[in-house]
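In structure tokens, the next block holds one chain alone, the form predicted on its own.
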Amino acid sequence: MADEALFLLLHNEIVSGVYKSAEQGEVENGRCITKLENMGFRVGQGLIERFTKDTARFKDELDIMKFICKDFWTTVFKKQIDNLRTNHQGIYVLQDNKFRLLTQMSAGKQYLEHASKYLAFTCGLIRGGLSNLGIKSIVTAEVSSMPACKFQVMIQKL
């Protein structure tokens, strides 16, 4: 439980630090979001490398996404993804109804506009993990009501 609190505090400080050190133009142009996503990407690459060192090869793309939703998510966020959907054409939607990085924020809509900066790191985390498993992707996040969120993973064919 203590490691979870430390992770949440560290994440909040990273987001805060990136935005405090940025100049006004960087914030407006989305460079802070990009910086947070790139940090998450690198962490995701390292975590997947560590988590999969003793696992068998994955059969296909769906098998990899199931691993992300179950094992990877459980290790990082202490719970599985609540729902995984796919259109079987390279788009996956991962839904977390109580996303840990948003639960400390208000359950109302007043902080909805700030949610994207707290989701950028996780988008990078997913993208980095998939990248290390040989899947190039674009990951976006969407929040309609806090603390629930959806991550859309669009697989890019090579």
Partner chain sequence: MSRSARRKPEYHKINRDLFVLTYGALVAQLCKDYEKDEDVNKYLDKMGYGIGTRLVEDFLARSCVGRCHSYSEITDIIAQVAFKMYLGITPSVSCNNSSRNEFSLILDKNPLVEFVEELPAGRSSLCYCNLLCGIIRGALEMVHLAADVTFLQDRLKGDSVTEIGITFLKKLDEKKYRRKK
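Residue numbers count along the first chain shown, from 1. Predicted model, so just to flag it, every value in this text is computed and none were measured.
This protein has a second form, the form predicted together with its partner chain, left out of what is shown; the following refers to that one.
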Heavy atom contact within 4.5 Å of its partner chain in the predicted complex, the stretch among 47 to 55, 128 to 136, 89 to 97, 111 to 119: 47 to 55
Identify whether its partner chain in the predicted complex is within 4.5 Å of every residue in the set C123, K150 and M154, based on non-hydrogen atoms. no
Looking in the predicted complex, any heavy atom of V76 within 4.5 Å of its partner chain? yes
Does any heavy atom of M105 come within 4.5 Å of a heavy atom of its partner chain in the predicted complex? no
Examine M39 and determine whether its closest non-hydrogen atom to its partner chain in the predicted complex is within 4.5 angstroms. yes
Quick one: does V18 come within 4.5 Å of its partner chain in the predicted complex, counting heavy atoms only? yes
